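Quick setup: one chain, the form predicted alone, written in C-alpha cells, and binding and motion questions come after.
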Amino acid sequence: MRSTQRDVGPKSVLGRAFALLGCFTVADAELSLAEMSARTGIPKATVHRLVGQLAEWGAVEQTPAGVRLGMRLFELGQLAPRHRDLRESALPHMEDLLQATAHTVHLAVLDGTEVVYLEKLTGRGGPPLPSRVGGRMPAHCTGVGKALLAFSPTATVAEVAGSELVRRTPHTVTTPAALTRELADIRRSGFAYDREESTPGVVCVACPVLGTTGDVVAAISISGWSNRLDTGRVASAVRTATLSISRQLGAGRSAGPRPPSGGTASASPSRVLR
C-alpha cells in the first residue's frame, strides 16, 4: 500500500542524510525512526532505508531502542584541520587561564548567526552553563559571539542584526541599533562582555583570536557567577592569551585590536593577574 505520509523533508539524498544526522540533540541522543521522521519531515520508510545505509558507513548505530550517532562521525570531526589546529594552539593558553582564574574558559567560532564551542574548561564551583563542546548559542548574547562579530565583515554583522535577536534574559540586547553600538565599543576596546545576557547570574569577558591574515577566527572567554567574577580584573589575562594564540597562528603583530595598556603577549595569565 502506498504511504499517505506527506514528504516535506529535503529532496536530495545528501540533504536527507544530513537532516537525519542533524535531528539529534544532547537531550535526545537516541531517537526512534518515527521520531526522526517527525523531526525531518522525511517519510518513515525512507528514514528506515537511509538509516540502514548510514549505519553501514558507521555514521549511526542502531540499538534496541532506536538510533544514535556513530563513532565514524567523531573520527571525521577530529580530522577537520582548521578547528583541530585552532584548538590545539589554544588549549595550553586556556589551561593557563583556568589555573590562574579558576573560572570557566571557552573557545568558540562563528557559524552564521551562532557560535559553536570548540573547547570548554570548567572552573570549580562555577555556574551550570548551557554551553558544551560542539554546542551552539546565539552570537548576539554571548561574550565570544560579540567578540567575533565586532571584527567580522559588515555582511556578517548585518546578517546577525537582521535576524531575530532572541531575548534569553531581561538583559539580552534585542535591537539592531543597540547591538551595533556595542560592537563599535568592542572594536575600540578589544573586549566583549556578557552581562547576564545569555544566562541569569552569569557574566563573562571575551577577546578575539586572529588568523594568519589578521582576520578574526575565534574568541576566548572567561565566565563565572556575577557576584564572584571580576571581569575587569581578568580581562587583561584573556587578552594576553588571545594575543599569544594569534601570534602562534601566524597573525601579524599589527593586525586586529591593540592589546590593552599594561599587558604583553608574552606574559602569562598568572603574571597579568598579579
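If you superpose the two forms and keep the largest set of C-alpha atoms that fall within 1.5 Å, you have the rigid core. Position 1 is the first residue in the sequence shown; the rest follow in order. Here the structure is a predicted model, which is why all the values come from computation and not from measurement.
Same protein, other form: the form predicted together with a further copy of the same chain, not shown, and the subject of what follows.
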Quiz item: Taking the shortest heavy atom distance, is S189 within 4.5 Å of a further copy of the same chain in the model of the complex?
Solution: no
Quiz prompt | Contact of S152 with a further copy of the same chain in the model of the complex (heavy atom, 4.5 Å) | solution = no
Practice problem: Answer with yes or no whether L121 is in contact with a further copy of the same chain in the model of the complex, where contact means some heavy atom within 4.5 Å. | Solution: yes
Quiz item: Is there a heavy atom of D96 lying 4.5 Å or less from a heavy atom of a further copy of the same chain in the model of the complex?
Solution: yes
Practice problem: From the candidate stretches 193-201, 153-161, 177-185, 96-104, select the single one in contact with a further copy of the same chain in the model of the complex, where contact means a heavy atom within 4.5 Å. | Solution: 96-104
Quiz item: Heavy atom within 4.5 Å of a further copy of the same chain in the model of the complex: which of G112, P130, G134, G125?
Solution: G134
Exercise. Just give me the residues of 43-64, first to last, that have a heavy atom within 4.5 Å of a further copy of the same chain in the model of the complex.
Key: L50, Q53, L54, W57, A59, E61
Quiz item: Superposing on the rigid core, does the Cα of G232 end up 2 Å or more away between the shown form and the other one?
Solution: no
Exercise. Determine, after fitting the two forms on their core, whether V47 shows a C-alpha shift of 2 Å or more between the shown form and the other one.
Key: yes
Practice problem: Answer yes if the CA of T212 moves 2 Å or more between the shown form and the other one after aligning the rigid core, and no otherwise. | Solution: no
